[in-house]
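As a starting point, one isolated chain is supplied in structure tokens, in the form predicted alone.
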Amino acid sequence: MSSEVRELIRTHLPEFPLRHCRHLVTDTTQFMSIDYGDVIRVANRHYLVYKNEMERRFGLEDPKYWVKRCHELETGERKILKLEFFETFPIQVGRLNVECFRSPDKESRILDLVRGDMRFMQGFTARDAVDRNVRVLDIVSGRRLDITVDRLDADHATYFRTHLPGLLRTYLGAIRAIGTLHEHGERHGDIRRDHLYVEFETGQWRWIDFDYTFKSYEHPFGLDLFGLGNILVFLVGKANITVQSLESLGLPEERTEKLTSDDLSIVIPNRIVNLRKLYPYIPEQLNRVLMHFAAGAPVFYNTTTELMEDLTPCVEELERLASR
């Protein structure tokens, strides 16, 4: 570690123990070996690494070694650095066979496209000493949408009347944001409820993580639409309700026994989409929107515009019911 970098750390992070300083990294190719105490230099800035990001799903934590939590030494700001990493895998959604892959350059394009648009995370792309893509990202100070909803202390009927209309109104804006990407020929690529954050200070919903993409010539935005549908089903249900979790809801048997395979998600086969069978107060109009994402659906949405056209009047109806 150079005396210059030690001085930067001493100036901006005096609490950081200098004995833990490791290497100055200018080539990020071996990202697995970049760890706590290393300093990455790109774009004439220095980023002190303090941990790898973690993927948190299904109660498990999976380290993402190519994503580093850092302090930018020149400013003291916390940043996320995403280093160049590629992977490809096929998935099947109903009748669709889709090839998914991770594309750092695609995420860079979207960062350029949405610069200043606070519906999305912000950042810029730098190149390391061997021309590898390094995305320098601002950290969204907020909470994941799913955790936000889960912490609402209300039974489903109360949640449905008092919280859902406002949540869906805001969700329309999040769908519109994805539509903006599509209008420019881009896909989010990995739309999930934990990739949508509610900012603490403003309440703004912001999309994160754009480096996945997919090839599907028949439905070019199909996976994004299915992702939006999964979040919609989650919001209406106040949870992901599965065949396995049904019993814990304590619903009357005459409701649950009516479920068939056509009522389940086309994407996640154990997830229940036909929520009106569980909660009969869900309006038929809203449930019809949900059923576009069910295994038994005869047609699917191809564009965010189609989804918005169907969902908007449902939200207006819920708002009218809530105002009575």
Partner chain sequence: MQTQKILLAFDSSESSYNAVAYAGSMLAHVPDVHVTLVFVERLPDRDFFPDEASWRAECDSRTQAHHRHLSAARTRLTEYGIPAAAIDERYLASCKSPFGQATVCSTGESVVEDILRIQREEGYGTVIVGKRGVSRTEAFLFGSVSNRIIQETQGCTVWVVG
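Numbering follows the first chain given and starts at 1. All of these numbers come straight from a predicted model, not from anything done at the bench.
Keep in mind the form predicted together with the partner chain is missing from the figure; the text below concerns it.
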Exercise. Hey, in the predicted bound form, is residue 243 touching the partner chain, heavy atoms inside 4.5 Å?
Worked result: no
For this session: Answer for residue 218 alone: is it within 4.5 Å of the partner chain in the predicted bound form, judged on heavy atom distances?
Result: yes
Problem set entry | Interface membership of residue 172, the partner chain in the predicted bound form, 4.5 Å heavy atom rule | no
Exercise. Quick one: does residue 148 come within 4.5 Å of the partner chain in the predicted bound form, counting heavy atoms only?
Worked result: no
For this session: May I ask whether 48, 69 and 208 all come within 4.5 angstroms of the partner chain in the predicted bound form, judged by heavy atoms?
Result: no
Exercise. Out of 77, 199, 112, 105, which one falls within 4.5 Å of the partner chain in the predicted bound form, going by heavy atoms?
Worked result: 105
For this session: Just give me the single entry in 238, 195, 135, 187 that has a non-hydrogen atom within 4.5 angstroms of the partner chain in the predicted bound form.
Result: 187
Exercise. In terms of non-hydrogen atoms within 4.5 angstroms, which of the given stretches 223-231, 150-158, 114-122, 246-254 touches the partner chain in the predicted bound form?
Worked result: 223-231
Exercise. Using a 4.5 Å cut-off on heavy atoms, what residues in 81-120 are near the partner chain in the predicted bound form?
Worked result: 86, 93, 96, 98, 101, 103, 105, 106, 109
Exercise. Since the CA distance of residue 96 and residue 242 differs by 3 Å or more in the predicted bound form, is it closer or farther than in the form displayed?
Worked result: closer
For this session: Please say whether the CA atoms of residue 249 and residue 94 come closer or move farther apart in the predicted bound form, knowing the change relative to this form is 3 Å or more.
Result: closer
